[in-house]
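Here's a solo chain for you in C-alpha cells, the form predicted alone.
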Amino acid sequence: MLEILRQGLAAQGLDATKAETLEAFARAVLEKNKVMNLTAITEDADFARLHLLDSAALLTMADFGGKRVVDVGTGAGFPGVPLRILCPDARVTLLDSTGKRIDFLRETCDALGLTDVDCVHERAEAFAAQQRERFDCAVSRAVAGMSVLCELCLPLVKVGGQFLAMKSARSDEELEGAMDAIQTLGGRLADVVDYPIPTAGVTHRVMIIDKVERTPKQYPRQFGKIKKSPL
C-alpha cells in the first residue's frame, strides 16, 4: 500500500511524504472494519487507490489551506481525513449521523496526532441550523442525489466559498436534475472535473459549486421532506 500511495501522490503533484500517515489511517479503518461496517473495499491496493488517492484528488482542484472545511456524511472519514493529513493547515469538521463512526474517527485522529479536526455526531440539516454559512468549503462523497446533497451542504458554506461533490463520471443526468436546486440554494455551477485515479484505471468526477448568494432561511428542510421532495 505504501508504495502505491507514494507513487500516486507524486503523480497528483502532492506531498508523498504524507504516505505513511495515510497508510496508518488506512490500517486503523481496516482494523475497525472487522467489527464495524466502514468499507466494502478491504484489499490494500484498492483501498489506497479508491479511498485515499481518490480523496487526495480534491487537493488538485481547490486550495484548502487555512480554510474551514466540512465533510458532510464523512462515513469512515473520506475525503475529510486524507484532506487534513495532506493539508495540515486546513481546519476540518467531520460530520456524520452515526455516533459509532464519529467515535472511531475522534479516537483515530487523536492517535494520529491530527489537530484542528472536529468530529461531530449530528444530522447535516440540524448542524446547518447551528453552523449556517460558517465554512469556506463543504465536501462530500456521500451516496445521495445531487439535489439532496446541495440542500444539506450549501447552507453550511459562506458566500464566496465552494461545495465540492464527488460523483461518478456517469452523472450528467443527475447534475442536470440538480441545476434548479443549486440556483435556489445560492449556488452556481463553476466546473465539472473528470479525473483519473493514479494506477486505478478508474475515472471519477467532482462537481464544483460556487456559493454566490446566501441560502434562503427555509433551507435545509427536515430530511424527510428533502428526501421525499428534492428541489
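This is a predicted model, so every value here is computed, not measured. All residue numbers are counted from 1 along the displayed sequence.
The following text describes the form predicted together with ligand SAM, which does not appear among the structures shown.
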message: Only one of 142, 119, 146, 83 gets a heavy atom within 4.5 Å of ligand SAM in the predicted complex. Which one?
response: 142
- prompt: residue 100: heavy atom within 4.5 Å of ligand SAM in the predicted complex?
  reply: no
- prompt: Looking at the partner-bound form in the predicted complex, is residue 78 within 4.5 Å of ligand SAM by any heavy atom?
  reply: yes
query: Should residue 161 be classed as touching ligand SAM in the predicted complex when contacts are defined as heavy atoms within 4.5 Å?
result: no
query: Does residue 96 reach ligand SAM in the predicted complex if we count a contact as any heavy atom within 4.5 Å?
result: yes
- request: Please name which of the stretches 28-36, 202-210, 66-74, 182-190 has residues with heavy atoms lying within 4.5 Å of ligand SAM in the predicted complex.
  value: 66-74
message: Going through 147-176, which residues have a heavy atom within 4.5 Å of ligand SAM in the predicted complex? Please give them in sequence order.
response: 152
